[in-house]
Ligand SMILES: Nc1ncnc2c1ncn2[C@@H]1O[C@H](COP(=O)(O)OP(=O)(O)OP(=O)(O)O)[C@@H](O)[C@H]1O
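Just the one chain here, laid out as structure tokens, in the form predicted on its own.
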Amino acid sequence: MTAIVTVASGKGGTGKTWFAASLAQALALAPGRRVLLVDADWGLANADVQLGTSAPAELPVAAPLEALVGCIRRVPGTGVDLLAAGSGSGRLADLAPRDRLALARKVAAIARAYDWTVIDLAAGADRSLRDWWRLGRHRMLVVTPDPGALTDAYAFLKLARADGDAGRAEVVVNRAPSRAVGDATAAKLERAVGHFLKVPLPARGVVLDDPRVTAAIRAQTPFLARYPGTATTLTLEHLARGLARAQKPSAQPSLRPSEPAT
């Protein structure tokens, strides 16, 4: 059984990459569990920088699957494997839709060797990004209380609904100044999506603003390894346990290109 979690934001600056990387670390805490983190922000990837590890300058997209597997790096002290290309990899950012779909198929094949795969998507809402979003058995939309983040998250889900596939989405509120503000933010977005788009958007969790996040990123150190036992780490561990409880055997992820709803 494999489970894929796709993490999107609509708007940049929500802490999406940090959240995806930290969720992968929390999932990997279970003994014997294999976890893969994929930085799918092709061209502007920075998960390797945040985690203090290296990534190849380019990924061999057209090569056999084994060549892509050879690009996976272990993140020391986390139990997480990382598949990413170095920041500024323009060739990957400019892939044609057919090549992006081929890359997605290869990533899905690699994921079958892991218990969990967390895919950090680029900010935005373009068609190819939404195709990657569809890979997820669990699909998390990271927002902050900022009105712009909520607007962009709503727009992302509106486009996903037009594709005919807005299901399985859950919202995570990051950088909330308090639990009350975080809960209110999630509820506000859930009401708007439910009323206008007619799709559910349950809240997966709230992560409070924590200055240690910036400190860990600057130190290029995995957050859970640097700050074990803190409130933020406990929140991430709680989220990971909730995902594990909700996980059920599932069919292989859909890889069909997006098609506008008729």
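Throughout, we count residues from 1 along the sequence that is shown. Predicted, not measured: the structure shown is a model, and the values here were computed from it.
Note that the form predicted together with the named molecule isn't included here; everything after this is about it.
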item: The single option of L59, I217, A55, L201 touching the named molecule in the predicted complex, heavy atom within 4.5 Å; value: I217
item: Residue (of V207, L224, A28, V38) lying close to the named molecule in the predicted complex, criterion heavy atoms within 4.5 Å; value: V207
item: One stretch from 130 to 138, 111 to 119, 153 to 161, 170 to 178 that, in the predicted complex, holds residues within 4.5 Å of the named molecule by heavy atom; value: 170 to 178
item: Non-hydrogen atom contact V213 with the named molecule in the predicted complex at 4.5 angstroms; value: yes
item: Partner contact for Q50 in the predicted complex: the named molecule, 4.5 angstroms, heavy atom; value: yes
item: Exercise: G12 in contact with the named molecule in the predicted complex, heavy atom 4.5 Å; value: yes
item: In the predicted complex, A123 touching the named molecule (heavy atom, 4.5 Å); value: yes
